[in-house]
Each structure stands twice: as structure tokens, then as C-alpha cells.
Ligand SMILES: NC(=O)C1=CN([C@@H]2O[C@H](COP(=O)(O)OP(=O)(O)OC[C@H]3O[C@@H](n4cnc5c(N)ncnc54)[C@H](OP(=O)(O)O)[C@@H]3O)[C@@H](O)[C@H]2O)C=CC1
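Before any questions on how it binds or moves, here is one chain, the form predicted on its own, in C-alpha cells.
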Amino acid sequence: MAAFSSAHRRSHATTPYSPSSRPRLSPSDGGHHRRVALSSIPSRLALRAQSSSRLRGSRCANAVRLHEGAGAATIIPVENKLPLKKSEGSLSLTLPKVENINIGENESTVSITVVGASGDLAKRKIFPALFALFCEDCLPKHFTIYGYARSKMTDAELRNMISKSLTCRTHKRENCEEKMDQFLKRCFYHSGHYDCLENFAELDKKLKLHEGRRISNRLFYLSIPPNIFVDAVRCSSSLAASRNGWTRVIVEKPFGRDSESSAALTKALKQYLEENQIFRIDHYLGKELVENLSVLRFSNLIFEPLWSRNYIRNVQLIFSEDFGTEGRGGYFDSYGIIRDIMQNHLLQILALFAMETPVSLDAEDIRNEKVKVLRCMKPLHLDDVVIGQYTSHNDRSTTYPAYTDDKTVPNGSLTPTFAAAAIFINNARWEGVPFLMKAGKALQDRRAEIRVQFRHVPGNLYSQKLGTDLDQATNELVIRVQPDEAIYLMINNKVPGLEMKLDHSNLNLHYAARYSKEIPDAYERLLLDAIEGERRLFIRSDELDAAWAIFTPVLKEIDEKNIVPESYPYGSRGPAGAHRLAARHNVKWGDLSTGQ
């Protein structure tokens, strides 16, 4: 949809809203319909100039420095229920009086609205991540956080709910209660429906009270089911978008169920948003070891020459959880393990692993390379995939339930809780190399890792010392994403002594032992990136299209043919079919053969 003309945008700022004149959200970072004082230009350019190559350690200091010299932050208390004033037989909304503060027009503020604030994700991840950023001085000097949901709640009740999930891990030696109190004073609540224009108009009025005369930048985090994404975006774009700054929207997965539904969702969102305003979040891209993947590859000379079919025999991407759905099977049963984990988390990691060297660390250059490699991947079919579903298991005095024992799961459900797949990339670098994925619930342990198995040494002089199983002696690079983050390289080494005895040992970078600083949660990094306008770790629409093109054919076959998943006991290593799939490509799963 073409952008409005400048004349239209100027007139809109003073024109009352009507459905026929509904504006789109202002394009992010550019083309804002406002007058800009010359004195504001340097600081705003500085904000946009923060590059993705900047060291993480300096990010937060820069964020604070952008506001040096600004007036002191002012917290404006706003009650949830604004008083109604009766005037000449009609009711009108009366806003609380705000002290006249001398605020420069070049100052900016960020208003963060968590849509779906009463939900589990908001309580467990989003609010704690925002608090951690606040403790690290990573949030702008002027900011306001609003919770928005249908639940009836006061500001005090929201703060009480949030406080139960906040931790002061970054300020263990400082006054935790003081930091928490300062943060909670910035948090407010507005109750409303996700499809109600009037409720979002009321939210807009409250946000303006806090923003004052500052340049208002607004971030909406949609922590809500995907079937109401479009309603929330329509209402927020119509009546709660920034009029003189940027507006951005974070959208949580799932992004559709297949290529068709994903394209329909993207088309609907783009009725109200520009592509550069949509931040499709995959929290796995914010994990420390995933972000370190490109650093490991592109800044270490020893790895990049080996990163091809010439030296790598296979690559394994493994995700396992040691628990089942545990009463939360309603959402999961609608999507299954392939849509929930493989099509997004694991495929995104694979794209970062296998892409060509980007021109720069600019977000678009990186995402361009990811799209290229995704388009080189063969679409999956039934022969390339194994699916499974966990059954009950008795372990001494403990009985572990089957997936279908979960009361939130429909009786007789065929939704897979486990899947393994073999993906091939048709390009010069990776042709013939199997990329094996597996993901599952209720397995033996909890882990997420990348395992790179290198080729055997041709004419190995020590083959007799290594035994008959050369796979046990192959070099293997393991990148453990979680838990207990680590990078280690498995090598063959001589055991000290007079005899020639070889051992399979690790060169180990264990993060907890090497670095004293606690690793930040993925949501902290991604929220900070969204505030700064850094899109490198978010998914672009053409990237999403390419990802769904790989998995949609096999998903349709599974659904249309009602494929029965292979059973595996709760707490086991998964169905036997996964081992047969790996053996077909002359591969052994690394997490099973080494026990690491």
C-alpha cells in the first residue's frame, strides 16, 4: 500500500478519526509527519546510527548518553479508570491534570505496550526482560510501560502481578527493592478488548499524558493468540500510533500454519503496517550461542575454510525437552512439534549456520543471505520425515502420562510430539551434506545444540588404534545452545604413558567457567533490538515465505493422510524411526552415541 502524501499526513494530525480516513502506522524511522527542530536531528540520527556491529557491552551506555542533558524523568500517575464528567446531559472523558513541565521538543520517549499483559508469556518473560534492561540502564531515560488486556485490573494489581516474577540477578549487590520500585512506578495498566477502537483511543490518551511534548516512539508487543493479531494491529494503527515518532510492532510465533495462512497473515498485517515496522520474533535467535554462531564462523580463520561439503560429513540440530505438555496441550495440539519448533527455531539456526558470508553485518545483508540459503533447500516429503508421540511410562513408583492423557488434548489426537527430518541444500557449498533435525517432548533429557561431524581422516595412520568404529573417532564440533552453554571440539589425543593409546577428548569452552557475567535472557536482547530498530535477529516476510515452502508439503501430507505417529515411552530417546532415518544417510545421532 502506498504511503500517504505529505499533505495528507499534515492534515491528518488535526483531523478527527473516521473509518474512511484511517491512517496507517507511520513508517519506522523515516518520513514522519511532523516538524523537526534542527536541534533534534543529531540525537535522532545517533539513535539510528547504532549498528549491529557495536559491542553489546557498550549498547546500554549509548542508550543513556543519547538523553544526556535532558530534563529529569517525570513519572505521571494515571489511574486506570479516568473520571467521567457530565456536561449538558452527556458524559465526557476528563483527563487528570498534568503539571506543566518544561520539556524540549527534541527530547524523545519510548512507550512500550504489552498487549496480552495478563498472559503467561508476559508474566514469565516480557516484563522480567524489561526490568533487566532497566537495571542495566539499557532503556531510554524517558520510558513508560503499559499492560493491555481484557482482564479488569488496576495499576496496583498489575504491579503486584509483575513483581512476583521480577528478579534482581543483575543487581545482587545493590538495592534490589529500590530498583524494583523505580521500575514498577513506570508500569501502568489499561483494560480493553483487542478489537475495540474506543479502548485503544483511551490507551492513546493515557500514553500522551506520559509522553508530554516529547517525540513519542511506541512499541507494541503482541503477546496474544495469532487469530487476533490483525484486530489488535488494526485498532492500534488507527488510534494509538505515534504521530511524531516511530511505531513498531513485535509479533510472536506462530506465523501461520502453512504457506497459505502465513501469506494471508502477512497481507493482513501490511494493510496497516510497513514491513520495516513488523518485528517477527523468534526468541531462539536471541540466545547467546546462536548469536555467537556467525562470530565463531566468520572471525576465526580455522573454521571458515572447513565450513563446506569438503570437510563436513553431516550437521545435526537437536532440540529435546524432558517434560510433556503438562496441561498446556490446547495450543500445542493445534500446531504440533514441526510447526512449533522445527519450522522456526531449528530452521532459523540452520539458515544462520549454512548461509554465505554477508556483505556486512547490516540487518538486510544478513537476512538476504538467509533467504538465499533457505530457497536452496529441498521441500520435505513423507520419506524425509519421522514423527512420533509419547506414551505413558512407569518408573518404579512414578507414572508418567501419555500425551493423550493431558485433559487439554483431544481424545485420539494424532498430533506429533516428536519429529526428525533430513534436509538437503542444493548449492555448491552444501550439496550432498545431510542436515538432520530432531525435536521432541518428554525425552530423556533437555538440550538444544548443533553438532557438526567432520569427515574421516583419509589414510589415517592411527586407524588401528582407533578401533573399527571410525564414527566414534571423528572430529565433532558441538555448540550447546542450552542448558549450560558451551562450545567444544572433540579430537583424538594420545593418553599419557609409555604405550600408544588414543583417547577421544574435548577442547572445551564452557561459558560458566570462562565468563563470570550471567548470560542475558533472549527476550532482553530482542526487546532492546526492537527499541533500537535493529532488525538483524527478526524474520522478514520473504524469509518466512521461504521457510514455509520447505515444510508445507510434508505438513499437508501428514494432515491429509492422517499419518499415525510412532509411539515412544515418556523419558526415552524417541522413536526407533529416527535412528533408521539417520542410518539411511549413514549418520549416527551424536547426542546418543557420545552420551554428551
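Numbering starts at 1 and runs along the sequence shown. Not measured: the values here are computed from a predicted model.
The next section is about a form of this same protein that is not shown, the form predicted together with this ligand.
Residue-level contacts in the predicted complex: of 329, 286, 116, 245, one residue has a heavy atom within 4.5 Å of this ligand, and it is 116.
The partner is absent here, but in the predicted complex a heavy atom of 254, alone among 520, 140, 212, 254, sits within 4.5 Å of this ligand. Looking at 227-235, 289-297, 352-360, 200-208, the stretch with residues near this ligand in the predicted complex, meaning non-hydrogen atoms within 4.5 angstroms, turns out to be 227-235. Proximity of 121, 124 and 223 to this ligand in the predicted complex is complete: all three residues have a non-hydrogen atom within 4.5 angstroms. Within 4.5 Å of any heavy atom of this ligand in the predicted complex lies no heavy atom of residue 455.
When contacts are judged by a 4.5 Å heavy atom cut-off, residue 194 counts as touching this ligand in the predicted complex.
Remark: residue 149 counts among the residues lining this ligand in the predicted complex, judged by a heavy atom distance of 4.5 Å or less.
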